[in-house]
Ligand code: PMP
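What follows is a single chain, given as structure tokens, in the form predicted alone.
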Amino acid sequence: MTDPSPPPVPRVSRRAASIDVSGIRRAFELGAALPDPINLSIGQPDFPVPEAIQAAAIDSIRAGRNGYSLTQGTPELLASVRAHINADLGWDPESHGHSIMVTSGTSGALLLAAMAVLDPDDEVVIPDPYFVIYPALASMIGARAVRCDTYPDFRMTAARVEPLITGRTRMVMVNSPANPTGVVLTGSELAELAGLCESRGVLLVSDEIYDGFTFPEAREGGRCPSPGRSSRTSLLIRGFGKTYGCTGWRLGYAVGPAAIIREMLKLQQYTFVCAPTPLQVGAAQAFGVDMEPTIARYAQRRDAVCQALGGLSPIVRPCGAFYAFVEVPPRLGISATEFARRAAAQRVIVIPGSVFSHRDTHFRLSFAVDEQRLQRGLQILAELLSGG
């Protein structure tokens, strides 16, 4: 007799089961299900990839450069990154005991760094609010994410981090300009944090994916503040997707102590292998593209957000990236999750703060949308914040 019971389902790992689906992706799926939504949820630039970058990638494909690159990256992109870091931060990383590698997005760099440094039961200090990947990285490695509460100003300072460092701390992650808050730390704040980490033998991972989206008032010497070469134990991670509108190309790079980069390269050989070769060739042209008109346009959108909502709810003015983290007024008596549900009922998609934090008091909106759609969304959000 045939057994009518279904075959057993293969067991999933505790690692996979411990990680929830990204709340950002859930918002994306919700937007796809609504008729003509005003989607203020996704950090996806709304401008095309600059022509020079497109042309270089297309020429590379047509020239047959479609195989593997070296694990560390193509020669032209490595040279371009080295020259950019030299010009942007005023130092040649390879003459300071540091190395460079190209990664499959900044998320790939973050994963490789975590794998290279963290063992099970080690600790990594992350900001709260945080980018959603940070606690998930710790879970995937079997480490523990220790949250640094940065409310109400969202500044991850050395004074806030120091009490959290223990004998198990191996890594501190800082994100400036920050997702979801748009806060940009000063050079002195980053230097103090780097100094603290160096004194404790802890790796500082500086996630600067939005370095190109630093608005003029937060720049120092015309640049995004960075720990740079101020520490022998700092790992700088940057990328191309946000600044140049090529998020789907999955290209980032890491600059840091040679010993750490060497281990990340070894791990990349067995995971990502290399970043996409023809797209690396295209990205090598990126630093020659003037993105200032685009950044100025985004700063104007930021101003529109603050003007429309700032009188109704406290907003820490974003000085970089393209997000605002808006508090739901306590007088409304509702959580950010409930506020996001009410906004969705009017076809406006925002993300509740519980996706990024242990608190559910704020919501994140992205202003990486055209001005007309943004204004319509802000009008609806303002009505909801007013209690309408």
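Here the structure is a predicted model, which means the values were calculated and not measured. Throughout, we count residues from 1 along the sequence that is shown.
Same protein, other form: the form predicted together with this ligand, not shown, and the subject of what follows.
Using a 4.5 angstroms heavy atom cutoff to this ligand in the predicted complex, none of Ala113, Arg200 and Thr233 count as contacting. Shown alone here, Gln280 lies farther than 4.5 Å from this ligand in the predicted complex, counting heavy atoms only.
Contact annotation for Arg250: at least one heavy atom lies within 4.5 Å of this ligand in the predicted complex. When contacts are judged by a 4.5 Å heavy atom cut-off, Val305 does not count as touching this ligand in the predicted complex.
In the predicted complex, none of the heavy atoms of Phe272 sits within 4.5 Å of a heavy atom of this ligand.
The partner is not drawn, yet in the predicted complex one stretch among 172-180, 148-156, 188-196, 211-219 has residues with heavy atoms inside 4.5 Å of this ligand: 172-180. The partner is absent here; in the predicted complex, the one residue of Gly245, Pro135, Gly105, Pro93 having a heavy atom within 4.5 Å of this ligand is Gly105.
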